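Let's start with one chain on its own, the form predicted alone, as structure tokens.
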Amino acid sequence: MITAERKPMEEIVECARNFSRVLLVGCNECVTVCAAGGRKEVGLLASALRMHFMKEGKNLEIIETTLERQCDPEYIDELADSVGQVDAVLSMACGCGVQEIARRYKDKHVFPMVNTKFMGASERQGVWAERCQGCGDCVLGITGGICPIARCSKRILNGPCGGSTGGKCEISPDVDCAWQLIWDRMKSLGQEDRYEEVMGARDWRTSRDGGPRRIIREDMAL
């Protein structure tokens, strides 16, 4: 899932400072799971903003709502009536949601309330870790289900680099060496011989290096 963290309160306050009425929009997908921008977080942030500006002698009116998804036009359209009543929109979705609202409502200021971090998985309660960079040419079937692009600090495709110690990356003792993880996985599968297979030069055009990407499903497009 896409993970995010709420922006510092000081930055959020400055986004709202020049407006008298705003729409605070949450998202019921990824940012709800990582407790950054769901219905609960919308309520908490709205209360915090009201209290902050009340102390400054300003009455900030906030309309609160949470969409099923902010990255989907059919849900963004549900905001039409509310957007018409406010000066700005404060989005608690990932960057995709913020941009979709801005694309749909071109005459409104739209501000992100969270910092989008990465595509990750839950390691334990309250902890999420990066697991995928969306490179567009998945090698997990070759590397035993461990991604060397997202999990190796140097994104090495034929590792290890030689800088690891005790299974930990040289950048930090808290970071696992991705290629140690790959070796352990291969060993558990009885496929140690595959560890020595050399991957060829990668075509990074499938990644972000080729510019903004798009998926087109002709069987679904209207």
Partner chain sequence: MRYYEKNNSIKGDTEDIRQILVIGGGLGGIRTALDIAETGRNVTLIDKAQAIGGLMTQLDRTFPTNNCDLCTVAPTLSASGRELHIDIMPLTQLQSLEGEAGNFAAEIETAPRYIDIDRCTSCGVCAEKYPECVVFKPGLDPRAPTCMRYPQATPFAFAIDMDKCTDVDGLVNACPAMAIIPDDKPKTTTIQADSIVLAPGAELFDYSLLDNYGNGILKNVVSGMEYERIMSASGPTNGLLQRPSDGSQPKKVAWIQCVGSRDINRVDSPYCSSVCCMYALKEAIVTKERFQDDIEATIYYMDMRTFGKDYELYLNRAQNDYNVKLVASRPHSIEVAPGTDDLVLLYTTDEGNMEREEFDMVVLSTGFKIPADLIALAEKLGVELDQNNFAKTSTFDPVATSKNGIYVCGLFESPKDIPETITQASAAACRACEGVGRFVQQNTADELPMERDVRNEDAKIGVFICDCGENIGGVLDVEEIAKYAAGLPGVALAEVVGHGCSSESMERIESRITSEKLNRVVIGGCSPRTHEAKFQDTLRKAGINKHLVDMANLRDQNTWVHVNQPEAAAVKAKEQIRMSINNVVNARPLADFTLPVNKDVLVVGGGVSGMTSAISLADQGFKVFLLEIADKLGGIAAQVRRTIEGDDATAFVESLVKKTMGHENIQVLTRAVVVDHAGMPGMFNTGIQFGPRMQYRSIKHGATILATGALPNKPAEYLLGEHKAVTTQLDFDSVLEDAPESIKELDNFVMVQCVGSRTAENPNCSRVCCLSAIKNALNILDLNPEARVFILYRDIRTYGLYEDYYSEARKRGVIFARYNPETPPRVNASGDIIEVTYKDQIFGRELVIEADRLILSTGLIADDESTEDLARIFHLPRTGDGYFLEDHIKLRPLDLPVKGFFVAGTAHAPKNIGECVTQAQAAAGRAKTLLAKDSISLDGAVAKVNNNTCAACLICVRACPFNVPFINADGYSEIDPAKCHGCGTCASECPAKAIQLMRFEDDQILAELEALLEVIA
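Residue numbers count along the first chain shown, from 1. Everything numeric in this text was worked out from a predicted model, so none of it was measured.
Below, we turn to the form predicted in complex with its partner chain, even though it does not appear here.
- Here the chain stands by itself, but in the model of the complex one stretch of 99-107, 119-127, 76-84, 138-146, 119-127, has heavy atoms within 4.5 Å of its partner chain.
- For the chain shown alone, Lys40 is a contact residue for its partner chain in the model of the complex, at least one non-hydrogen atom being within 4.5 angstroms.
- Not displayed here, its partner chain is kept clear of Gln180 by more than 4.5 Å at the level of heavy atoms in the model of the complex.
- Although the partner is absent here, Glu61 is not a contact residue: none of its heavy atoms lies within 4.5 angstroms of its partner chain in the model of the complex.
- When contacts are judged by a 4.5 Å heavy atom cut-off, Glu68 counts as touching its partner chain in the model of the complex.
- Among Leu189, Val33, Cys161, Ile171, the residue placing a heavy atom within 4.5 Å of its partner chain in the model of the complex is Val33.
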